[in-house]
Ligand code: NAP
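Just the one chain here, laid out as structure tokens, in the form predicted alone.
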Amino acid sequence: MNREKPITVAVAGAKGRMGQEVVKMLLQDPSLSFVVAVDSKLHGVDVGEAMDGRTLGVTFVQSVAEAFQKYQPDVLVDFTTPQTVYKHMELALQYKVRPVVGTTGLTPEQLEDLTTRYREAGLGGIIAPNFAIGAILCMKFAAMAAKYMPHVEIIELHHDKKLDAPSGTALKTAELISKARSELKQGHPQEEETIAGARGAEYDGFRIHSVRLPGMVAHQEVLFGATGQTLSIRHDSINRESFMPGVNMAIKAVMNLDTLMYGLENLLD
């Protein structure tokens, strides 16, 4: 889609750590226009003053509905919580605003429901468990390896403020692995956990382990084992700037979509 005017963007969760990085990215790209932010506790406050004391001329409003009604943005970028994102996506559908969502924690049933409704409405949207290009490549490489080395476990590591476990990235990786490998129940058939949860969560016969510690951002390692050999595929986001090229790409790509897309890997060649 060729546009003479910038894509107008609303940001839900702009005061959060990811949201602040989104705001910085929007301000640096002349093809994007940051028009409004959403935070019920900062209603009427200038976004720049809440972030670093400077004035941006863009204010917080109390709700996503208010942002849509007053500013009619092209795109909503959402980095909020699993409890609110589903409602935000329903409102985006109602107001014909295209969502770019980095919030994880939606259930498979919610994803299926939203995908159906967006497809029927012909409205584009993107939900991405991870916007780091390296993380997307990690997922794709893991799916490639699983075809030939089906014994696998996933270890994902995040900061201790993350609300959902396992991460959306780990779940998406597990989904891709499951599609690529033959059905296999790993481990000894008489294996027994002497402490509940010691072996992690089970997904289609293999395990996912979640680590939550201060000092971390977002990390994932996919471990494969075979006779006489192992393979490790690891990605590390050192800071939240690593996600911004993917968010930028998604904002521009979503303008050309007519359905809801799950996973940024769908935008890569």
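Counting begins at 1, following the sequence as shown. Computed from a predicted structure; not experimentally measured.
The next section is about a form of this same protein that is not shown, the form predicted in complex with the ligand.
Shown here without its partner, the chain carries G16, V38 and D164, all of which come within 4.5 Å of the ligand in the model of the complex through at least one heavy atom. Screening 76-84, 145-153, 177-185, 110-118 for residues having heavy atoms within 4.5 Å of the ligand in the model of the complex returns a single hit, 76-84.
Proximity of H88 to the ligand in the model of the complex: non-hydrogen atoms within 4.5 Å are present. A residue is said to contact a partner when one of its heavy atoms sits within 4.5 Å of a partner heavy atom; P99 fails this definition for the ligand in the model of the complex, lying far away. Interface membership of G125, defined by any non-hydrogen atom within 4.5 Å of the ligand in the model of the complex, is ruled out.
In the model of the complex, at least one heavy atom of F243 sits within 4.5 Å of the ligand. Of all the residues from 212-229, none has a non-hydrogen atom no more than 4.5 Å from the ligand in the model of the complex.
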